[in-house]
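This document starts with one chain, in the form predicted on its own, laid out as structure tokens.
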Amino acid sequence: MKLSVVAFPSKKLQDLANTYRKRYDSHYTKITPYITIKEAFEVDESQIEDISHKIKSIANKYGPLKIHASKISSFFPTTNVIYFKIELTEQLQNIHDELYREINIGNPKHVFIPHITIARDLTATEHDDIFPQLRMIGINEKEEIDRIHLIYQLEDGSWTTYETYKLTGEM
């Protein structure tokens, strides 16, 4: 079973991302806009309860995430993905690190760059045409996210929520 840990932004920010995703993101129908906190990883179903308990424990340590989508950026030349850059905060980095340490399944494939994807699977020509336009439009949205989610992938490639954890900061 393939799992991931994400944060879903507000409907306002999701709607803004979807204005681009409808046209430029091949995964538009598979999942709503999200910020990956722990990359997808494979587990046996027997491990899910333990993983869920660990995520709940982490969520109880931290208060709501304050996020700032500050600009439109790209992972070019690694990939032709265009995204809303989410400013990295100490809290977001700590949650990310703790999820990897506590769940201890898979290592990060990339440096942690919090983001919301708005375009993917673009050809080099499409990327070179679209990216400068989007970058000029820019973004400057701030908000608070009070939940993180354990999601799993269905057979058709879409993702759905397994469990939601409130960031309470109680510990």
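The numbering used is simple: start at 1 and walk along the sequence shown. These numbers were taken from a predicted model, which means no experiment stands behind them.
Unshown form predicted together with a further copy of the same chain; subsequent notes refer to it.
The closest heavy atom approach of residue 168 to a further copy of the same chain in the predicted bound form falls outside 4.5 Å.
With a 4.5 Å cutoff on heavy atoms, residue 159 counts as touching a further copy of the same chain in the predicted bound form. Though the partner is left out of this view, residue 135 does not reach within 4.5 Å of a further copy of the same chain in the predicted bound form, counting heavy atoms only.
Mapping the unseen interface onto this chain, residue 49 counts among the residues with a heavy atom inside 4.5 Å of a further copy of the same chain in the predicted bound form. 32 is the sole member of 70, 57, 32, 26 with a non-hydrogen atom within 4.5 Å of a further copy of the same chain in the predicted bound form. Taken together, the three residues 1, 155 and 164 all come within 4.5 Å of a further copy of the same chain in the predicted bound form, as judged by their closest heavy atom.
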